[in-house]
Ligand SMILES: C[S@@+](CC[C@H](N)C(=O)[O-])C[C@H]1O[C@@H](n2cnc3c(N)ncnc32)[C@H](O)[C@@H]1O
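Next up: a single chain in structure tokens, the form predicted on its own.
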């Protein structure tokens, strides 16, 4: 296979090292051997500011690459009016809008680390004629709600930002707030399984913040280890971007 030089630059635009890019059936294969070992490389304390910057354009990305997985997640959630629904990492409200629309008389709560994302979410959901909801700055590591108080917990594209060593802490917190037999809906950037999906690992290896700090993860086994019953795990790929959608019960 032909190999071409590619130069990685450090933060001062100085050449750091040279790697080879080989052409393969998926277009880029330089990071195939490492894709299952990618850990989070953007500090948690930086996530809010990263997404404040991304907020003005995030909806474009979300609709082009994530909408199929997000729509499927809402379908699997089967939200019924009157429920208590909590979305962690609400972003610009693409899913939260659909949640509130389906649950006008229930309790709808969303949290995020980014003020910029929450501001867009509030504008979006506020357009609903019947909109019972609250949006707040908050962390998945410490949900400020009572034990066993949530019927359905929704979490889109967050675990792909979390270090592997911290994932279980969040799952324990999710399990704490869910009612018995409560429903957990997860959507994550996942490890690519089809043509072209390793492109995003390549970009992440060069510049994690270009990917918003996201890299591919797989959560089903970890959920089962934490005592969740995983009923559905589906793979979606949109604009080459790989996502997993998971339905699990407490």
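Since the structure is predicted, the reported quantities are computational estimates derived from the model, not experimental observations. Positions refer to the first chain, counted from 1.
There is another form of the same protein, the form predicted in complex with this ligand; it is not shown, and what comes next is about it.
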Inset, instruction - Although this ligand is absent from this view, report whether residue 44 comes within 4.5 Å of it in the predicted bound form, heavy atoms only. - result: yes
Legend entry - Touches this ligand in the predicted bound form: residue 215 (any heavy atom, 4.5 Å): no
Inset, instruction - Answer for residue 91 alone: is it within 4.5 Å of this ligand in the predicted bound form, judged on heavy atom distances? - result: yes
Legend entry - Close approach of residue 141 to this ligand in the predicted bound form, 4.5 Å, heavy atom: yes
Inset, instruction - Choose from 78 to 86, 127 to 135, 110 to 118, 97 to 105 the stretch whose residues reach within 4.5 Å of this ligand in the predicted bound form, heavy atoms counted. - result: 110 to 118
Legend entry - Heavy atom of each of 70, 158 and 161 within 4.5 Å of this ligand in the predicted bound form: yes
Inset, instruction - Let me know which residues along 220 to 239 have a heavy atom within 4.5 Å of this ligand in the predicted bound form, or say none if there are none. - result: none
